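What follows is one chain in structure tokens, specifically the form predicted on its own.
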Amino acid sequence: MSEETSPVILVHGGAWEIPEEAHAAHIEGCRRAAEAGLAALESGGSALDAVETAVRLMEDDPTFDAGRGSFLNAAGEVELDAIIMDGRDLNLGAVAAVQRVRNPVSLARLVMTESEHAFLVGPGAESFAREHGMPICPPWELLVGRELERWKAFQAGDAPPAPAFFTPHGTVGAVALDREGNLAAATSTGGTPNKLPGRVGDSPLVGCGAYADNRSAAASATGEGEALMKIVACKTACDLVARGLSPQQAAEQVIALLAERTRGHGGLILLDPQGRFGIAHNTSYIAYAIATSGGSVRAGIRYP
């Protein structure tokens, strides 16, 4: 490209009925992730570098359902899923049901760059991490007391039934545009509380939990995975941008489609090659932050 593009990064930290006492932590976690991603972009890093940096930071933050702090499945185990995608050539890497990796988004990128495959799961993904020198951690390092107590309540039958949008969905994600005009997306999650062992939602599925294409847009989704995958939420949003809709219009249409066709709840972030962005959700809250060239950062818990 003859002219540099102004870099942008947009992140989300889940769309659900986020309790008021958790608002500040969600906003600050998203803000720090967006700032770190922007720093990567402004130092000459790629969009891939930026989304990996931002998502790693949120995986390390126990506020979110990704990496450390993830929900426990019905067997009392953490199982992590992640995806990363490059808008330049549609290259991607994804992992699912990993239990001993602190930063599954980095393992997903390793799958993309160091293997002939796009998606590895479970023990096979963990073996791949070991073979390529990625640190392996004991599962208890990913556990926080809040989630242990939540799991105990489920096992005791004390967890009250609630509408789906009340159920925590603190999945994290990021989309970025770099100075070369390239887009990238990444999403990471610990899934849903008390899920069946081996359950995989939308997050690591290409086109569902994330998608990036320089010819259209980059997207990351959060919410009810079983509903989001039915409408291939992120690819659908990117296709709408390619057909002429603004990112905001496309995001809103996809969330409307989610509700109409599946009665599902969730949220979506979207960024196009011009740096225009969209955020939409049909839950009470979505945690987000957007950072643009020059250090401008906007973070919030509800959009608009």
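Note that residue numbering begins at 1 and tracks the sequence as displayed. What you see is a predicted model; the values in this text were computed from it and never measured.
Below, we refer to the form predicted together with a small molecule, which is not included among the displayed structures.
S.K.: Spell out, yes or no, whether the shortest heavy atom distance between Glu224 and the small molecule in the predicted bound form is within 4.5 Å.
M.R.: Contact with the small molecule, yes.
S.K.: Taking any heavy atom pair closer than or equal to 4.5 Å as contact, tell me whether Arg199 reaches the small molecule in the predicted bound form.
M.R.: Yes, Arg199 is a contact residue.
S.K.: Decide whether Asn214 counts as a contact residue for the small molecule in the predicted bound form under a heavy atom distance cut-off of 4.5 Å.
M.R.: Outside the cut-off, so no.
S.K.: Consider Gly93 of the chain shown here, and say whether it contacts the small molecule in the predicted bound form, taking contact as heavy atoms within 4.5 Å.
M.R.: The answer is no: Gly93 has no heavy atom within 4.5 Å of the small molecule.
S.K.: Quick check for you: of 200-208, 230-238, 149-157, 96-104, which stretch puts a non-hydrogen atom within 4.5 Å of the small molecule in the predicted bound form?
M.R.: Selected range: 200-208.
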